[in-house]
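Given as structure tokens, the chain that follows is alone and in the form predicted on its own.
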Amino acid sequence: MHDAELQFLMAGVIALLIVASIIGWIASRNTRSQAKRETVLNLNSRIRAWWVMAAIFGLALATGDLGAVVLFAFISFMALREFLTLTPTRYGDHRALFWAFFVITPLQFILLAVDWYGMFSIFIPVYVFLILPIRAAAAGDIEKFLERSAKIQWGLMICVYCCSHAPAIVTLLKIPGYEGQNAKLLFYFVLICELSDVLQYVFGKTLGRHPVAPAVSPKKTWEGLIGGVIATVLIGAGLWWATPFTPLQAAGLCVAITLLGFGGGLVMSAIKRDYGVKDWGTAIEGHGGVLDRIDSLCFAAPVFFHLVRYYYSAN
């Protein structure tokens, strides 16, 4: 937290939230039509939620590496709960679900805390993938067994395994010349993920005409995608000084983050549409559930982590 560049990034986020809050307040005072008032109310609720989320994230970084691990462990637990609540299982899965929530999820983040990259990278996709369905089969409930097992496995992969790669940026990367600054890199990654979501939303609202996949998410448009990606990449390249990357390298990584984030949002929207719901939950005012807020992060985090580890890390 004594890093001047990290403080500058945080100050920039606070400034953005202050400006957004002022705009929201002005809009609420000057909007008359009912339809527009509902839009403004939703915008202001989103801004209030962003203040809370930014404060929690900043506090987690202030407590050091362990704070980031604990925060994302809690986020993963909540996201997995939302995923498995929306995609219901049966009584025969209760023991497997107990293992998923109270054994597998904590262990995945404990592996981060003890800096065990080898086991961290294969624990869920190899050992859990094989052992958990064996545990479910032992319960003797064979009705829709494959479908039920796939839901649990998929929930663990997205909500726990993929999400855990975000705090892994802090604990598992050893970048020469960047020692002790990984919290700043995590902040940068999360900032790019969330800015991309916000800017795609803004460009989609203002310029959107052509949906990317109308049956999945009518509000996700080509104009929103292209405008949001270009704007986010330019911002990310401009913030290269906070990373171990050159401006061009930062831009390339931002392209990967934004496109994978958009794809993650599209995939998770497809699941919601299949079950006939708008949001994964109601935990975050204006945003829906925890999984609604981190769907893009879950898809982008593993790729960003492994690209940085392969090309920049010494371990």
Partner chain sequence: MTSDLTATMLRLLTGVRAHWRGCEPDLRQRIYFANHSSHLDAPTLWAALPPALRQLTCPVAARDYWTAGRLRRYLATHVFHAVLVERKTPTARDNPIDDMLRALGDQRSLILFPEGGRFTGPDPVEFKSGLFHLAKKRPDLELIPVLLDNLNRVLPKGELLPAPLIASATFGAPLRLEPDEPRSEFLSRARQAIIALRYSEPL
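Residue numbers count along the first chain shown, from 1. Quick caveat, the model's predicted, so the values are computed rather than measured.
The following text describes the form predicted in complex with its partner chain, which does not appear among the structures shown.
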| property | result |
| --- | --- |
| Contact assignment for its partner chain in the predicted bound form, among 231, 212, 84, 183, heavy atom within 4.5 Å | 84 |
| Heavy atom within 4.5 Å of its partner chain in the predicted bound form - the one residue of 77, 129, 178, 203 that qualifies | 77 |
| Triple contact flag 94, 97 and 102 to its partner chain in the predicted bound form, non-hydrogen atom at 4.5 angstroms | yes |
| Any non-hydrogen atom of residue 89 within 4.5 angstroms of its partner chain in the predicted bound form | yes |
| Residue 63 within 4.5 Å of its partner chain in the predicted bound form, heavy atoms | no |
| Non-hydrogen atom contact residue 282 with its partner chain in the predicted bound form at 4.5 angstroms | yes |
